[in-house]
Structures are given as structure tokens and as C-alpha cells.
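Shown here is one chain on its own, the form predicted alone, set out as C-alpha cells.
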Amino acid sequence: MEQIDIKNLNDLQGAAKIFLRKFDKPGIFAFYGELGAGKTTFIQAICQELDVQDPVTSPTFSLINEYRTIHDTIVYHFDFYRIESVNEVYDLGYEEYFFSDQYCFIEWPEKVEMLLPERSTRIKIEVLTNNARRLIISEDKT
């Protein structure tokens, strides 16, 4: 288990760089945290470091956003906050995304925990103060 501390918004891009030095290959990244903890904001910072060309916004209503990078790769961004049933995720065809060998960033993964691949990275975002956050990172090794 590792952690990255973000003291304020000025630390955000630095934290994203540290994160991507450790996770320099695509995979499943599940972001846990209360509403307003900064899941989308941190994913935006990571996407900026990945050279995403598209605007990075929360896919709360669409469930998934696809972003293209300048390197012609795709980043998938999920937000499962509003799903009422895991069947919605089945209907989405989640396997195509989760097993695509692309970066997949998932907000509210607790709603689809049973669908996460074994080798997922879990990031818990703890709110310390108004702008300070702690990222607690654990990787599934199975």
C-alpha cells in the first residue's frame, strides 16, 4: 500500500506525475471517495499528464467518456454513481473496455465491485482539509 499526499491544488499535477511514474502502463484504476473528494479532479490531472486532447469531464449521466491522447491511444473514464443495477453495466458492454489494454479510470467502483478484474488498482481519496487530499493506493496482485 502506498500513499500520495496532495497539500493543495498546486500539488495536483505533481501528484498525477508521481502516480503515472508508478503506473506507466494501462490498467483498471478504481477511485473511491466521498462525493466531492476530488475523484474527477484527480482523473483530469492524470489525463492531462497522459496528453489527452479532449475535455475531461465527469461521465455521470453517460456512464463512460472516451478520450483520445496525442499518442493516438484511448483513455476510458467511467462514473457509476447513478447506476441502479449492475445490469446497466452489462448492457454497456463493460468487458470491451475493462479488457482493452487501455487506461480505465472508474469513479464509484463500489457499485460494480464484482465486475472489476482481478488486477485492478484501488485508489482511496481521503479528504484532509478543504484542498488537501491523501491518496491511498493498493494493487491487486492476483
Partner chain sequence: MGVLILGIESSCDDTSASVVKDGYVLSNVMASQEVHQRYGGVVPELASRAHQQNIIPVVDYAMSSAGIGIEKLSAVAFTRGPGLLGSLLVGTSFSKGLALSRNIPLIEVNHLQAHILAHFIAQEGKEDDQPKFPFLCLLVSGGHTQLVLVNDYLDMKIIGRTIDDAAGEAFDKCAKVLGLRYPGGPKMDKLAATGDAEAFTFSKPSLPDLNYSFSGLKTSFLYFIRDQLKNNANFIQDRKNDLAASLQKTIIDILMDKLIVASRNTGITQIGIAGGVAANSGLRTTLFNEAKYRNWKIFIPDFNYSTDNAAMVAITGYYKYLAKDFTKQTIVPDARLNI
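This one's a predicted model, so the numbers in the text were calculated from it and none came from an experiment. Positions refer to the first chain, counted from 1.
What comes next is about the form predicted in complex with its partner chain, which is not displayed.
Proximity of 7, 48 and 104 to its partner chain in the predicted bound form is absent: no residue of the three has a non-hydrogen atom within 4.5 angstroms. Its partner chain is not drawn, but in the predicted bound form it has a heavy atom within 4.5 Å of residue 35. Taking the partner from the other structure, its partner chain in the predicted bound form has no heavy atom within 4.5 Å of any heavy atom of residue 20. Its partner chain in the predicted bound form is approached by residue 61, whose closest heavy atom lies within 4.5 angstroms of it. Taking the partner from the other structure, its partner chain in the predicted bound form has a heavy atom within 4.5 Å of a heavy atom of residue 91. Contacts between stretch 79-96 and its partner chain, counted in the predicted bound form as any heavy atom lying within 4.5 Å, involve 79, 81, 82, 83, 84, 85, 87, 88, 90, 91, 92, listed in sequence order.
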